[in-house]
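One chain comes next, on its own, written as structure tokens: the form predicted on its own.
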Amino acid sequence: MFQKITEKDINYWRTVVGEQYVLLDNEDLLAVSKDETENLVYVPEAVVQPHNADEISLLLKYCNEHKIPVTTRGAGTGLSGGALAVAGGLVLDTKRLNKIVGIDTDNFQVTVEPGVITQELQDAVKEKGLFYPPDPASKGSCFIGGNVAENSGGPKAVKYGVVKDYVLNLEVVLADGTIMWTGANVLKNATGYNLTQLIVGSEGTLAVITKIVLRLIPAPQFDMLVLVPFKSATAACEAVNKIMLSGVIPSGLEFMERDAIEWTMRHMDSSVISLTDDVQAHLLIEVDGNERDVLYKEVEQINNVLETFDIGEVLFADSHQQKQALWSVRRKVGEAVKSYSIYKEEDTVVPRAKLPELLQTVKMLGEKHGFQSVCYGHAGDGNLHVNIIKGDMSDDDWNTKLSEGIAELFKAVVGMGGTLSGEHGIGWVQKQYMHIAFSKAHIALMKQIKTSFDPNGILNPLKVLPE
């Protein structure tokens, strides 16, 4: 289907981006051969590092004409194999597209290139009194372009929404080299099909993003954070919906079961959280706003809900340092689990009230199929990250039987009104389960969309859609 890269191809790319930005050494190829997805490795044939949309246009036009697969890559923090060059070919590395083009304080907008680190973007707009809320756990290293490609979320999604809620317009390059803007820099747009939102979450399969226009909001002045220990993990999940029904919308509402906290503190060599023997899970709850008195009332309202459950002593973070320490534990859970064992991470999401049922289903399936799981996630929006640990499982069971358990989990999730991924995407590792969430008609329509954008299938091939 695809052509192997030749010396002629390489020489042309050097004329486009410069010789030093066409990488062929084994060390450079290995550096982009994996992301944070399990232990998968796919080595490309070459890497290019373009500087702007014009260079990307020439690269894609050439690769399209010569049937060379192109995998666009950001920081490599993905968790579904979306940036792995599974078809070989060329990796298009966006690290040089790293400028914040402009912050429009009059219209609360920012224009940014895809290679900007998310936290650097947040810090830059915060200096102007503005706020970009989506904050994935890897915000200190992930690129904003990857966030758009995956429609990332993070802890603040429960109050502020996910990436798609902030993308106004995109400059993209199509497979044939066409450069275009997908929409307009306005808050309302009912003009034609919404191509902007079609690109968001498409995981690099439809186009290459070269500029992003994001809407911003005023930055909240204050926040308060509490950590609540529960004697029962299921009860912690039940408390989530009770808190939301009380009328308070937290800016963060995170669930961590006991193993997640124990492993993470051991990994970090930290003792910031005291764990008594009877605690099985914690909720990390944040509220934010512009009036301290209002926030105190909201915390009190949340506490009234919590007192109806069997909980331990609530920790109120009384300093910026303590808040940062608690959030650091939550953000490093995935890293800690990965350091402990070979693992698979499922990014399940269900309607919020179904969260207790989802947790119980995960544990039941673990007993049935012989796997251990460590669960945590964005409980406020029903998004539970299920880390399945290899541990003592045999290689045969891990490689063959585990997929049966995962399929059973996804069927249960869909039965609860949920779906396969809340923020990590489908990529390479989850596409075999797409038939569980979608009918043949759904998948056929998605394939037609892919073909319309990319007739030769060169953009991030073999991802998202099942063969």
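Since this is a predicted model, take the numbers as computed values, not measurements. A residue's number is simply how far along the shown sequence it sits, counting from 1.
We do not show the form predicted in complex with another copy of the chain, though everything after this point is about it.
The partner is not drawn, yet in the predicted complex one stretch among 111-119, 71-79, 365-373, 287-295 has residues with heavy atoms inside 4.5 Å of another copy of the chain: 287-295. Using a 4.5 Å cutoff between non-hydrogen atoms, S452 counts as a contact of another copy of the chain in the predicted complex.
Proximity of E203 to another copy of the chain in the predicted complex falls within the 4.5 Å heavy atom cutoff.
Although the partner is absent from this view, S421 contacts another copy of the chain in the predicted complex, with a non-hydrogen atom inside 4.5 angstroms.
In the predicted complex, another copy of the chain lies farther than 4.5 Å from every heavy atom of R266. Think of it this way: in the predicted complex, another copy of the chain has a heavy atom of just one of V101, L275, I342, L187 within 4.5 Å, and the residue is L187. Checking T308, Q360, S271, N194 for any heavy atom within 4.5 Å of another copy of the chain in the predicted complex turns up a single hit: N194. Using a 4.5 angstroms heavy atom cutoff to another copy of the chain in the predicted complex, none of T37, K95 and P461 count as contacting. Within 4.5 angstroms of another copy of the chain in the predicted complex, the stretch 218-237 places a non-hydrogen atom from P218 alone.
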